[in-house]
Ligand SMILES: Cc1cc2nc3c(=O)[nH]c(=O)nc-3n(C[C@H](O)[C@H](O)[C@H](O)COP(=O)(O)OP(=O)(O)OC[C@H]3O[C@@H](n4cnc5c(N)ncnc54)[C@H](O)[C@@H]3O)c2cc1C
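Okay, here we've got a single chain as structure tokens, the form predicted alone, with questions on binding and movement later.
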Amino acid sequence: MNLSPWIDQLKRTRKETRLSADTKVDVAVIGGGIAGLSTAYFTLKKTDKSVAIIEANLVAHGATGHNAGQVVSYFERPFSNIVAEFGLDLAAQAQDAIDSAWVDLETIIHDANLQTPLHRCTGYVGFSSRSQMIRYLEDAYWKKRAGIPIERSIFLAKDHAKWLEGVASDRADLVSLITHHEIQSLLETDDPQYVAAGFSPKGCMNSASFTEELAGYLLAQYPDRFAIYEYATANILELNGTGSVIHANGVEVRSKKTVLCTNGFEQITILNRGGADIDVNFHEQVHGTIGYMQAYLDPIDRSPTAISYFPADTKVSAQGEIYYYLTRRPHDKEKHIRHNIVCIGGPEERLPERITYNKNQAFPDEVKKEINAFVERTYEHAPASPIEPAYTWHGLMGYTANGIRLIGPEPCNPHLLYNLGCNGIGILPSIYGGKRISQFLSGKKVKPTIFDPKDYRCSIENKKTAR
């Protein structure tokens, strides 16, 4: 079973509109998740262009409705590593961009009078080894060098103060020593292996509910410039020198610009009639990972939180160390009855190239056992054993090759733009991406960032043409 609590909680009142005839629009957005609707929101707000969403299923029923609901502004890739590749200035600019999406998210909620609650909190991450702590400290050091306000970034148990031996003072100064019991209290665990804890602003939100509400707002606010077509599967995207043609459901959607807001590795054939072939390049840039999650209900007697845990026996995937994450927040399971919902995830599986994700596949028993075992040994408020989750679900995440979201025009044909690649934590990057895409679409001169799609062949050709 793949039953997401966010989809289960979704209050949908509008009927879907099917794509049944050829259509023309200024901007076609493929993908009706949080990235697609954020792109539509900013484009409609900041330009006079018409926008159409082309969604293969229902709005918010893809990755947007099958995640853990964490709202965080950090990268899954170490910040120090981003600095090493792109330099401090560009890395700082990128971090500032994602941080700014907090304000954009709250602005959207206020502007559209959305009722989906955003629960903000101080979130924590627990470490069980010195190497894990050192990596976190290194990131904090470079963020401070970049001008990001940081006074202290990590707590370390006093009885493990020796972990700071050999650590440079400009890193060690970011550590506060507290008792082991206090570390465990912050992490809500009685597992003694966790002896250090990082902290940062985090939040919890039902991104499916947010996205569906935003869709309703935009349809009401821009009836003459906005449309959503659901159950419209885009099979072929043809690009030329003036625009694009999307072939979906046996009809054509012609647009001046197309924005891909899907996970990026779905079966869309891209034919570039106006330049170098980009089909293979596109599909190789983003790969799929299936994330597995489950949740149970608790009395509503604890505040919202978001905590990550790096155990000593952590596994390693293509993205790095596998960690477990836990979120807790209020949830309406039944009418007039409120609970806390505690969501746990971590196990994941790489989707083989060119294999289509099956959203209806059964939730693996071994994954359920793994998550239950983690909860029992880690979370101090774990329910009585055996744990019977109220929900088990999985979702498809898009990972770019370098762990950085793709936001901007395709170098081989600027009529195609990307806002994709959640890289495991996609809510704030999706919103920032939508805002940045609207700047390109408005004709505004936009500074280069680490998010810009790159293709050496076409970038060189564009430079020649510019001369």
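Keep in mind the model is a prediction, meaning the values are calculated, not measured. One rule holds for the numbers: they count along the sequence shown, beginning at 1.
The same protein also has a form predicted together with this ligand, omitted here; what follows describes it.
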Selected contact from 193, 221, 107, 267, since only one has a non-hydrogen atom within 4.5 angstroms of this ligand in the model of the complex: 267
Sole residue of 243, 275, 291, 389 within 4.5 Å of this ligand in the model of the complex, by heavy atom: 291
Candidate stretches 380 to 388, 98 to 106, 128 to 136, 67 to 75, one within 4.5 Å of this ligand in the model of the complex by heavy atom: 67 to 75
In the model of the complex, residue 325 touching this ligand (heavy atom, 4.5 Å): yes
Distance check, residue 36 to this ligand in the model of the complex, heavy atom within 4.5 Å: yes
Heavy atom of residue 57 within 4.5 Å of this ligand in the model of the complex: yes
4.5 Å heavy atom contact, residue 417 and this ligand in the model of the complex: no
Any residue of 371 to 398 that, in the model of the complex, places a heavy atom within 4.5 Å of this ligand: 395, 396, 397
